[in-house]
Structure formats: C-alpha cells, structure tokens
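In structure tokens, the next block holds one chain alone, the form predicted alone.
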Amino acid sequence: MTAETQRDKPGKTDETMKRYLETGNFAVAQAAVMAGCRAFCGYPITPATEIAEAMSKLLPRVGGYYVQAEDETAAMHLAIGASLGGMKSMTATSGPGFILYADPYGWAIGCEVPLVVLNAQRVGPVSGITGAPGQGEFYLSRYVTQGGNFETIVLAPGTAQEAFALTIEAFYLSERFRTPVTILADQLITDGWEDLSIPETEEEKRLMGLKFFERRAHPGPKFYPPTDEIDVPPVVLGMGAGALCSDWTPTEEGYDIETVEAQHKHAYRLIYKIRNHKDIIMRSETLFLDEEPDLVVVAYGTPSRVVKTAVKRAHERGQSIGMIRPISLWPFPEELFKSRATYLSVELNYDGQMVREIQRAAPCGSEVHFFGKCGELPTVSELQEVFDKLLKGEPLQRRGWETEAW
C-alpha cells in the first residue's frame, strides 16, 4: 500500500472550482490577494517578475497598493513599513535579490513583523542563469540575517496548486507567529504552466482546507513579552499605547536597551515561539515509510515530482524504497527521520545543502548520500540507476558534470 501523509492536505481541489491553465506566479498573486494582502513592494527580477506585474493590476481593484522600489533592499523595507502600518504585505524576488533582503529581514524578525516573502530560486552563484531552476538558498532561507538567535518559517511548494495553498498558509502563519514567512519556490514552480483551481466561494475555500487570520493591532504596553506564546497581535504604528519598533534589542515596552538579560528574553521568544509550536507549522508528504524501507529518498520542490515517480516505479519492481518530501523546510522536519536506513538527498544544486540536515537528523548508523543536478531536473532513469547502486552497496561515482558522490 502507498502511504501518503500531508498535514491538512493543502491544495485539495474540487472539480466544480474555477480552473485555469496558468503559472505558479499567477497562483501566488491570486492567493495573496485572497489572503488579504493589500501592499506589494518589489523590484523586478526573473523568475518572479510576473508576481509584481499581477499584483500591480490586482491590488488597486481591492483598495491595495503596489510600490515599485529602486532595489530589493528598499522593497523589503517598504513591505515592512506597510505591515507596520496595519496592512498585510508581501514581496517577491529571486536569489540575487533575496540576499539583499538580509538587513531588513533581520529588522522584521527582531520586531516581529508579519510579512510574506517569496523566493523563486534559480541557478547560481550570483546572477547565474535567469531561466533555469535551482535550489541554492536552502540554508539562506534559514539564516536570512545577521546575529543568529532566531528561527524562520519556510514553506516549499511542489506544484502551482500547492503554491496557491501555501501562499495563503504563509499569510496565516505570519499573522499567528508575527514573523516573516518565506515561500521557497524554484523557477519551474513559478514559471511552469499547470492546471490550477481557484476557489470563489467560502464553501470552496473550506473544501480546499484554506485557513485565514485577520490582522489585529497590539494594544500595548508590553509589545515584546518574553514568552513562547503565539497569536500575539503585532505592533501597528499609530495604534496602541505608544507602539514602538526598533532594530535594537527591546525592552518589553519596545524601548532600546543594551543588557544581556533583555537580549536573553528577546532571543528566547524569537526562537521558542516557533520551536514550541512546530505542530502548527509542519507539512510533509511521505511514501512507503511505514514499510521501513532500506532506501529513503528525500527531495523538495520540483525535483520531488520526478523523485516520486521514480520511487513508485521502483516500489512496483519490488525494491524497498520510500520517500520524504518536506513541505515545511524550516523548522527542519527531523521527526520524519526515524528509521536507520540509507538516505539519498536529491537537490537542484551541485554543492549539497539539504543533505547536511539529513546527516544531522538521520539515526546513528544510517548512510547519507547526495545526488545533485543544476539547471535541469533529474530523469527517472538517472534516479533508478542511483537507487540500484545504493541498494547494492555500491559507491556513487562522479560522472562528468552530472553527479557527485557525497
């Protein structure tokens, strides 16, 4: 039996819903407006430009605002300002722009500003290839800013339909945890054309399992309490008892302070409000894990679709292979790595990133291997060849520019 699990099944559709043949960028824009986004601040960059274009048309129709920034750093700061003004806000970019978000991203995390950020990964380093998919910001999405002492929430869609559902989920989580939430997509998700269903009624939204959380404003006076609680309203400037927002370590009232005790309290909240509520965040899909397979293949985003086909075909041939697809990448779903087995990380990069987290999470005695490609998806036949070698205990050999032993 095929064992598939995915918490709350985000993206479940109904045949009566309005259907489109559209891109992931279209799906993200539609979802953002539906989730209540009323401010989009961005700078054009392939392959996320179409999100900005769509938002520039959609937002004025619902009383929202589209702001074209002079660069990505300004775009992120403007999005933060819109959120502090009481509006749900969003920005979208690709790798070269995502790295420029680092300083304002820290401000948003430290001041607990709800915000949604989409990063459409492409081949790097630096500008790389604009029209080729990559997965080079796995760790950057976790450590998006300087200083440490924080956690991030990162969601990774595998289809355009899931991009729609996870965008709404991102707004939901950002409000509940009052923090930026990253949607880590790739060029094939954002640019690829797929069948897409968009709900139009409340019943259709319910059938799809979508959840919404309205913006509120913190009344004060303790805007930054040292607690792991969620559902604490964010600061909205101009509302509440003298709401404050600063990039320095705050007192509970929001005033700047430079004491270790205050930093301890603030860091505790930024870390444990997420760690202690992982059950609300975690999303995943698995195949055949209940059969305790000898080989477990791990992939996220677009590569997971090819991996899923390869694993199913291998299973039909009688091979003991399972699959893990993390949908929520951060916090990393280490609870899924329970069995002592051989693990294979399949990624759209040559350096290997997620594989390092698998090494950390896998039980003692497990083997962990890596298969990477860059700019193009692996084929089912390539994966099958790798599966066969690992199941026979043979080492993976580097072959040209295609594969590399880990």
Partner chain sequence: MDYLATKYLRSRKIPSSACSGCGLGQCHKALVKAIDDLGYERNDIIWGTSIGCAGRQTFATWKGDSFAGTHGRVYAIARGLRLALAPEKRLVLTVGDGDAFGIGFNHLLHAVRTNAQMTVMVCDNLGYQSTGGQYGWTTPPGVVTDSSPYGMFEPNWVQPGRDVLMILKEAGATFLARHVSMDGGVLVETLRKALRNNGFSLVHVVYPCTTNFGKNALGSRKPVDIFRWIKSHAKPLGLEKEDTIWRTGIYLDASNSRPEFSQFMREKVEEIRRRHGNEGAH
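No experiment lies behind these values; they were computed from the predicted model shown. Numbering follows the first chain given and starts at 1.
If you look for the form predicted together with the partner chain, you will not find it shown, but the lines that follow are about it.
The chain is drawn here without the partner chain; in the predicted complex, the stretch among 78-86, 124-132, 304-312, 183-191 whose residues come within 4.5 Å of it by any heavy atom is 78-86. The candidate spot formed by Q30, L237 and E253 lies fully in contact with the partner chain in the predicted complex, as each residue has a heavy atom within 4.5 Å of it. Taking the partner from the other structure, the partner chain in the predicted complex has a heavy atom within 4.5 Å of a heavy atom of P60.
Proximity of I109 to the partner chain in the predicted complex falls outside the 4.5 Å heavy atom cutoff. Although the partner is absent from this view, S246 contacts the partner chain in the predicted complex, with a non-hydrogen atom inside 4.5 angstroms.
A residue is said to contact a partner when one of its heavy atoms sits within 4.5 Å of a partner heavy atom; K18 meets this definition for the partner chain in the predicted complex. Contact with the partner chain in the predicted complex, defined as a heavy atom within 4.5 Å, holds for exactly one of I280, I271, A241, A217, namely A241.
Proximity to the partner chain in the predicted complex, defined as a heavy atom within 4.5 Å, singles out one entry of G375, G352, G64, P378, which is G64.
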